[in-house]
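Shown here is one chain on its own, the form predicted alone, set out as structure tokens.
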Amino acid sequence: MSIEIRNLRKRFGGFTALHGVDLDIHDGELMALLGPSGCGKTTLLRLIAGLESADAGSIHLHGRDVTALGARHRGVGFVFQHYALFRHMNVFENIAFGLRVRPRATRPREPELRQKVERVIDLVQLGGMAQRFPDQLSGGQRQRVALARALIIEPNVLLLDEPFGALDAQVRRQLRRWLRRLHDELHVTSVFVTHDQDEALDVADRIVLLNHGRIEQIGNAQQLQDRPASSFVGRFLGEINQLPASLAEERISLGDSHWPLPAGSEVKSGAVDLCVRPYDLHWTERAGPSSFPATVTDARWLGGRYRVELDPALAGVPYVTAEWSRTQMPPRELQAGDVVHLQPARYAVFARAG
């Protein structure tokens, strides 16, 4: 089921949580809403769910305008961060709750209900735990119960608010891969909120990156990392080196070094930041017009790659970071004090703030 959001606005008192958001979520897509605290991602999720009402704009589910409808009438499953399980009910009854509270006319008979619940229990890999209570489960198991409870009503859309935020790192990694496999099996349109960029990059088909109630960029992991639309996107999604440069006549200048302006760049002249990921900052032994010198201050093997910190002797830039595989390293091991020449293999350019 597709989701179409147009000019969605929401205020809480004097605070504007969303500033006219436009967003299309494709049928069967797994989309992540990512951004810093207070950026509007949870507000947007709750508006889609019908748990909050919009001040302006519209929400359509598969072409149907649901803007004025409450949560019960949208056919949406919602998974909360802290599970919200009934402690006095066992796993079976927690999952069955959504079916038992339906009006009598649409409520399945007991044999059918039990069959549905048992099927979902197997789907979320909780076989043999139907009679356990929430306090007898691990955090990861409780989260699977919460997800099963959302799935049992056969929702058109599945919404998840920081679904793994209360779990430790190892369990979180396991569950997010499991969620990806489950989604590929069910193909239900899913939207999840996270502040964890690794989680979004690892699981989502596309990522919506929000900042101060506005969408900064929408795209898949590679698009957002390799072609950031703003310096905020570049900084938020992984480490990035920002080098003060100047731009004139479609040529970027950093001291005696020069590079062509990337295609599609919106900035055309003036003071700019040359932004390059550590893995795109390559080395060369010789000086040249497309490289700049830097002195090694630290080099460490991190298992699969070297992380090298260097002093580029640039005002306002205490260090730059490069990451190289073993085969990308210079033929001799780098030591503090060595001078190499750095060459950006891929980069983005943005007008310098202030």
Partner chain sequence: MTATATNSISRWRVSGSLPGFGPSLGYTLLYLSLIVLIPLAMILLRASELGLDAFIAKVSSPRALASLRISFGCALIAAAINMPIGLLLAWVISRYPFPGRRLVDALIDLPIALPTAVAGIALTALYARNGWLGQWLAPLGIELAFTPAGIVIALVFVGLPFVVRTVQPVLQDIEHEQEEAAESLGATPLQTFVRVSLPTIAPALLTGFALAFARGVGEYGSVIFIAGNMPMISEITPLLIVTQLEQYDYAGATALALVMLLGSFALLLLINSLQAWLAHRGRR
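Residue numbers count along the first chain shown, from 1. If you're wondering where the values come from, they're calculated on a predicted model, not measured in any experiment.
There is another form of the same protein, the form predicted together with its partner chain; it is not shown, and what comes next is about it.
- The shortest heavy atom separation between W178 and its partner chain in the predicted complex exceeds 4.5 Å.
- Contact check for G213: every heavy atom lies farther than 4.5 Å from its partner chain in the predicted complex.
- Although the partner is absent from this view, L160 stays clear of its partner chain in the predicted complex, with no non-hydrogen atom inside 4.5 angstroms.
- Heavy atoms of L51 reach within 4.5 Å of its partner chain in the predicted complex, making it an interface residue.
- Only one of the listed residues (V267, L186, I153, L261) places a non-hydrogen atom within 4.5 angstroms of its partner chain in the predicted complex, and that residue is I153.
- With the partner removed from view, the residue among C275, L85, V120, L167 that has a non-hydrogen atom within 4.5 Å of its partner chain in the predicted complex turns out to be L85.
- Judged by heavy atoms within 4.5 Å of its partner chain in the predicted complex, the contact stretch among the candidates 252-260, 216-224, 236-244, 144-152 is 144-152.
- Taking its partner chain as it sits in the predicted complex, the stretch 126-149 comes within 4.5 angstroms of it through a non-hydrogen atom at F133, D135, Q136, R149.
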